[in-house]
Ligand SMILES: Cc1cc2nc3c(=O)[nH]c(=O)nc-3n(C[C@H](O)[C@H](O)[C@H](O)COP(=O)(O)OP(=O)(O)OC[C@H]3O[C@@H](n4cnc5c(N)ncnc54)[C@H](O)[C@@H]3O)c2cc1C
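Next up: just one chain, as structure tokens, the form predicted on its own.
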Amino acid sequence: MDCIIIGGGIMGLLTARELAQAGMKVCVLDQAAVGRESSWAGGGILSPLYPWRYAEPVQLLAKWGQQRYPGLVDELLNDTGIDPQRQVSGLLVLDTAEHPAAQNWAANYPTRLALLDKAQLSSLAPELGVLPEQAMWFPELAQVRNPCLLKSLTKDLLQRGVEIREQTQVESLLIYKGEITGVQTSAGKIDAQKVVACSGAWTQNLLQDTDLKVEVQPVKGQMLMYKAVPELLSQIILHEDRYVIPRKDGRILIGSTLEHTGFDKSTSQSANDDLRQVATRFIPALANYPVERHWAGLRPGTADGIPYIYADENITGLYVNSGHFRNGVVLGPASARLTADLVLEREPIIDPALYRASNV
């Protein structure tokens, strides 16, 4: 095996695809089921929420990925027959206090932004229950249906000959004289010259026996899905750190909470009540439709919101691609390409020094 990817979320699958395309023999290991953690649990918005709040390293990854998502989705659909359902929904931001920072960001990272008055907003989104005097409209912002994207990626990898092993816990990294030689798993030893940790919220635990100080903490997010009707809502809505995402089939996602509760993924009635109130305040018509699902996922958070993407200098053959918090889907293509650049020792698309652990 040329390379082992630890973690079968969006980061692991996209990284495996990059390496397989370069001719490497790749194996993806997941402690549970591929693509069923934070990558599945999120909303699939192809932008960081409130992107102007993020530092330059996140902006660079996001812009690179946004430019390439149309081509990626087309390739996956053509090759697998599974549609990741990319759609340009546009984004309405109803927080008036965000206007100065957002306008400055849109000028620095050229992005179409229109300011709508109350009448224009009501005309664009007649189902809205929150109508500020002025709202921001980002007409080009897109989304994907992340579970469909993950299914398509999984099939694509299998077609490329990538080995995927689910229910396989990595118990330890195998290191000899400062070099990776493979991993010890719950199913036995697997030899490899290169290992990439794409293990999301579990990355810190995975690397605890090394000298690395990768600080990735689980942040629980709970979400609801309403079974509504197509075109009840067309735009993504963002207000007071909550979002509403319409899917093509009429389902509408409401999210999400931010909870520091360790690795607890249980849902709560209090979060359910809160999200229902958000839903009917933003879109009053949702009171007429049933909640179909309520779930929770663990986002891999870092202190500054910047992910770790680097080649370890102390252990040859060990790489990290983790800590993308709520932005894994949009940051995934660039993060995977940059990781592959490091593994393959080729010119990187972005300066990797921006994403190194503090002690590397």
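Quick note: we count residues from 1 along the sequence shown, nothing fancier. Quick caveat, the model's predicted, so the values are computed rather than measured.
Keep in mind the form predicted together with the ligand is missing from the figure; the text below concerns it.
Is L61 near the ligand? Define near as a heavy atom within 4.5 Å, in the predicted complex.
Close contact is absent here: in the predicted complex, L61 is far from the ligand, nothing within 4.5 Å, heavy atoms only.
Report yes if any heavy atom of P51 sits within 4.5 Å of a heavy atom of the ligand in the predicted complex; otherwise report no.
P51 lies outside the contact set for the ligand.
Counting only non-hydrogen atoms and a 4.5 angstroms cut-off, does G317 reach the ligand in the predicted complex?
It does not: once the ligand is placed as it appears in the predicted complex, G317 has no heavy atom within 4.5 Å of it.
Contact between Q31 and the ligand in the predicted complex at 4.5 Å, heavy atoms?
Because a heavy atom of Q31 falls inside 4.5 Å of the ligand in the predicted complex, the answer is yes.
Where, among 280 to 288, 111 to 119, 71 to 79, 195 to 203, do residues come within 4.5 Å of the ligand in the predicted complex by heavy atom distance?
Of the options, only 195 to 203 has residues within 4.5 Å of the partner.
Check each of A334, A41, C27, I306 and return the one that places a heavy atom within 4.5 angstroms of the ligand in the predicted complex.
Flagged contact: A41.
If you look in the predicted complex, which residues in 251 to 269 sit within 4.5 Å of the ligand (heavy atoms)?
Going through 251 to 269 in order - heavy atoms within 4.5 Å of the ligand in the predicted complex - there is one hit, S256.
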